[in-house]
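Take a look at this one chain, the form predicted alone, written out in structure tokens.
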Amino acid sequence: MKQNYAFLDENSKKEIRRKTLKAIAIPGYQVPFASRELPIARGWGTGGLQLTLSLVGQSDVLKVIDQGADESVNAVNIRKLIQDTTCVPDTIHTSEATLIQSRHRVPEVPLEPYQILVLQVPLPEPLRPVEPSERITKQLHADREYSGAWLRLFEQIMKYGSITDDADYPVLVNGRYVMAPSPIPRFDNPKLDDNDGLILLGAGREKKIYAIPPYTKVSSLAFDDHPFEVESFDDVSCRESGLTGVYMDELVDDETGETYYVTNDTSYMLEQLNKAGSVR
């Protein structure tokens, strides 16, 4: 059976690229697009996958991550679909990839100017928790009326003493649009600011594309007396590699019942372990 290069037909890829260019031209603005059917269910990364399929060229090197891992079922299946329909080479090394599709993490290795990071997004609308109407949220964005987002954070402080959003923490892009950065941990929010690479975000179920172009100002919403803070791993180190200062998974040893930590970005951890004079 004859199959299109990168699965999608050329007109579909052209339309997605046009919407992507608009998203890049208006940082943080959600651009509607005609989300296509793919051989994976909506809600499992179809937005990011459509972006990747519309952009991938024969000279690209592909990396796919799911929650920091290159070998999860979701990452393997998405990578296999892209490779089966394009034959592009893949890598687990962030620095070698030109096109990186990720679910819920920004890699530990900083992006380079030649790289594109595609983030899969389940819920692109940062105002949805306070406003269910799509028509009204579009008007609020147009009016730059974000008091609902600020009020939601303020209510968390009043109720819990601090802001409790651990992932998908809202950010202000280029001083204009409040944006949902996909469910990346707060630890990754600072990596979005003034980044060398292009970051694209795609929500297939919600039919939205938005972007953070290189060297764009991105700031996390916070108050003067409750500044933005990332998850702290200052007092712990990775049990496998000894790494510190990276985002880690908290796990429990089945035999001893002790809590331990492991670097979430598995490829970064392997690179450090394989270096001569490893941290261990």
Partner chain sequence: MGYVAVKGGTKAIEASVEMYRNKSQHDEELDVGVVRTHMNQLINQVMSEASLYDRDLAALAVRQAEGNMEEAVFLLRAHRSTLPRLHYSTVTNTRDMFVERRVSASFKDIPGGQILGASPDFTHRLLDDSDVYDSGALHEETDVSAYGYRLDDLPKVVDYLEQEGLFEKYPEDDREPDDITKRSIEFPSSRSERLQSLTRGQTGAVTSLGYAEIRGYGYSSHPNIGEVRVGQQPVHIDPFDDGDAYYVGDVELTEVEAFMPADGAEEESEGGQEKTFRIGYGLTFGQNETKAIAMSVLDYSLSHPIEGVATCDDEFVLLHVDSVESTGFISHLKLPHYVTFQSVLDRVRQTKGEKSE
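Here the structure is a predicted model, which is why all the values come from computation and not from measurement. Residue numbers count along the first chain shown, from 1.
One more form of this protein should be noted, the form predicted in complex with its partner chain, which is absent from this view; the next part is about it.
When its partner chain is considered in the predicted bound form, residue 264 lines it closely, a heavy atom lying within 4.5 Å. Taking non-hydrogen atoms only, residue 76 approaches its partner chain to within 4.5 angstroms in the predicted bound form. Its partner chain is not drawn, but in the predicted bound form it has no heavy atom within 4.5 Å of residue 49. When its partner chain is considered in the predicted bound form, residue 5 lies well away from it, no heavy atom lying within 4.5 Å. Each of 15, 38 and 233 comes within 4.5 Å of its partner chain in the predicted bound form, counting any heavy atom. Listed stretches are 94-102, 127-135, 108-116, 147-155; the contact stretch with its partner chain in the predicted bound form is 127-135, by a heavy atom cutoff of 4.5 Å. Among the residues 123, 172, 88, 140, the one placing a heavy atom within 4.5 Å of its partner chain in the predicted bound form is 123. With contact defined as any non-hydrogen atom lying within 4.5 angstroms of its partner chain in the predicted bound form, the contacting residues in 200-216 are 205, 207, given in sequence order.
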